[in-house]
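Next up is one chain by itself, shown in structure tokens, the form predicted on its own.
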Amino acid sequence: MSTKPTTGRPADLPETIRHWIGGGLLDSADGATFPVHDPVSNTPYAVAAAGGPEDVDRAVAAARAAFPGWSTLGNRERARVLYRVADAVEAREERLAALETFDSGLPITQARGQARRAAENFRYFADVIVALGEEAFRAGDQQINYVVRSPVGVAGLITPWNTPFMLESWKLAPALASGCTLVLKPAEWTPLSASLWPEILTEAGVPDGVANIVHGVGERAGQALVDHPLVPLISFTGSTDTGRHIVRSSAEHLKTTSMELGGKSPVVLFADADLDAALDSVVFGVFSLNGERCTAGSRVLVERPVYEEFTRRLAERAERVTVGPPADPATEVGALVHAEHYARVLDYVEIGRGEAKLVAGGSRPAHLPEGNYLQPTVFADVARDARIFQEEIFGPVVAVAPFDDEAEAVELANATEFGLAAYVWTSDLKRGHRVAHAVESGMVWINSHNVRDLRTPFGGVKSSGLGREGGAHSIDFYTESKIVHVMLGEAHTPRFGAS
């Protein structure tokens, strides 16, 4: 394994990242491993256990053994454990940020916020499970009907490589709050921060076997989890193509699935908008997190009277965004996560050169001769049938196009297969509401960047996903609802066959 020094390399990096099954750190049953690279040097810094069907079997068996004890705890008792998890996460904020920055290329200032968000996820779902009541329906004086929730069983969680620790917490917290036990398959490109979960969950008092982690590539470890007959539920965040495959595979056992998939989210900017505020939002929304975010506003649709001005200002800002080593606090855009993904994003930049007008970026910054770096890139005059308008790039690349009226704006906003998020900027709130209702997306922000409310449903339409998580919607997903009907008066049943 290479020992080439890397900028921002944390101390005490593990040389081997192992599965966590039944409370123990384990190698793969067949001894298989895979190398893990950092995105600044693109050299291996560790090896990770490469899980397969036998490892998933062991993890599912451990989760099933732990299920009776965990699922029968009272909601308040489980909530107390989740509060302790949140405290343990926050206590490791600097360590977590350093690992996340090194492993994913996320700028350190943005990585620090991920620890706080992860902790908040656990506190929030602890509050939800304590406060959430069950429904009851009275039918006159004759009958009362009430709903009983019960955890589904072993949940299979498959998470992506962008902001991996925070997005793992987004699934772990409601699954644990609901009383499920689980098997987590982290993204193979960014397994480092997941190695903190064993000590965090153990310190917080999560019993052995309640949470299990199997590392590995999606085609083997992820597929084994999706195919396992004793895992009734799969929550997945990742690409649309992979989501389609998981849904097809899950049909064999009629599994419940939640798919948070790709996006090509529009920003609809009207001429009467606060252009300064909108510009800040567009720049942050598509270039923060290195542009590797599913809700990025990667298609900016601008009303023609302000199109030239806004496009020029956007290009100027993109050229001034600070690209640099992820561990440098001055960095605003770091290194893209992996050499393979970096090559894919660069391919889209080359495609865009032939489809539209490049007005900013498009190449590696001169001061960064190595690593997966790209200056934030802006294409103008992008046609609706252009690939950079239609396809998710998942990097610091934005397509800008003009529109002439509200109807055309809505038409362009809806002119892709995706429908995850949308952003509308206008001083006319009546129009803002009209457009928000007409845009085909699961979430819309009006005169705002992507500010999340954990109580609200998160998810998309069309090729952006299936189902919703967030707030009580997450508890719905991880539990089964049973309706119990109780007769309060005398039963008056038709007497078939009576003489």
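Just count from 1 along the sequence shown to find any residue number. All figures in this text were calculated on a predicted structure; none of them were measured in a lab.
Omitted from view is the form predicted together with nicotinamide-adenine-dinucleotide (NAD), to which the following refers.
When you look in the model of the complex, the only residue of R80, R95, R384, H245 with a non-hydrogen atom within 4.5 Å of nicotinamide-adenine-dinucleotide (NAD) is H245. The single contact residue among V410, I158, A401, V152, judged by any heavy atom lying within 4.5 Å of nicotinamide-adenine-dinucleotide (NAD) in the model of the complex, is I158.
Of the candidate stretches 107-115, 371-379, 214-222, 423-431, only 214-222 has residues with heavy atoms within 4.5 Å of nicotinamide-adenine-dinucleotide (NAD) in the model of the complex.
The candidate site formed by N162, V226 and F394 is fully in contact with nicotinamide-adenine-dinucleotide (NAD) in the model of the complex, as each residue has a non-hydrogen atom within 4.5 angstroms of it. Under a 4.5 angstroms non-hydrogen atom cutoff, nicotinamide-adenine-dinucleotide (NAD) in the model of the complex lacks G297 among its neighbouring residues. Residue contact check for F122: none of its heavy atoms lie within 4.5 Å of nicotinamide-adenine-dinucleotide (NAD) in the model of the complex. With a 4.5 Å cutoff on heavy atoms, F287 does not count as touching nicotinamide-adenine-dinucleotide (NAD) in the model of the complex; it lies far away. nicotinamide-adenine-dinucleotide (NAD) is not shown here, and in the model of the complex it never comes within 4.5 Å of any heavy atom of F102.
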